[in-house]
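Encoded as structure tokens, the following chain is the form predicted alone, with no partner shown.
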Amino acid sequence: MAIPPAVNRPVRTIERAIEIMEYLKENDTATVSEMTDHLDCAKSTTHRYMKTLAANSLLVEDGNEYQLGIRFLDYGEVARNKYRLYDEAKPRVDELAEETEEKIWCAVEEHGRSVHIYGAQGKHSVQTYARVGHRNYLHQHAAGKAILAHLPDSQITETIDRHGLPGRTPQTITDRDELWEEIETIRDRGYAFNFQESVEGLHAVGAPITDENDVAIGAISVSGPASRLEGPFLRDELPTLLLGVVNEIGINMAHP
């Protein structure tokens, strides 16, 4: 696991615990032997880590396997509820899902990555890898690019330097100069497109929710199959609809 640049003397014990939890998030379950191989440490040490985490309800032991405990749900709910944007955006996201019949997400930026804090499914929405709490690279999807384009240039540069521009599909922008050109286009028109850049066969449009200084505090996106989200519906109707929604949310955020 990569250490954030600002952490010069990380606590190794905490890092190990996080590695265990990340592994279980991606792989569902693991035995002590499997986790020992992953951590490349003594089996007795791995056993103590996992027993300690289980004793604190962070892991659940089922036979000889461990999995994440549902206690994390409590942490997630508390973290999400700290965002006033969640309360303001939730009813509008639900309305958009019903109106467009597609998948709607509300995302925020944290530590240079995007995080989905709420989503709603329309009647015809499709299922992808995205889920509430999912962390993504900002440059890979519509909501993320909308947020990225409405951050200060220095923060954008710092984000790219820290996380790079990894590709998820052949269409993902992975060139720094190309991304800056895209950012300028997004700033000019006020919204971002995703043409199969996060999931092949999926299109999306995202618009930022900004503060009084035009800095993004989040974004809303609509996504669906490329066969449905195309032409004037994608390029004109959905952006107009989204801009009205994010403007309303922004006004409400500015006047609590």
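Treat the numbers as computed from the prediction; the structure is a model and nothing was measured. Position 1 is the first residue in the sequence shown; the rest follow in order.
What comes next is about the form predicted together with the DNA, which does not appear here.
- Although the partner is absent here, N27 lies well away from the DNA in the predicted complex, with no heavy atom inside 4.5 Å.
- Remark: R189 does not count among the residues lining the DNA in the predicted complex, judged by a heavy atom distance of 4.5 Å or less.
- In the predicted complex, the DNA stays beyond 4.5 Å of every heavy atom belonging to H38.
- Taking non-hydrogen atoms only, R228 never approaches the DNA to within 4.5 angstroms in the predicted complex.
- Just one listed stretch, out of 204-212, 217-225, 191-199, 59-67, contacts the DNA in the predicted complex at the 4.5 Å heavy atom level, and that stretch is 59-67.
- Along 18-38, residues T31, V32, S33 each place a heavy atom within 4.5 Å of the DNA in the predicted complex.
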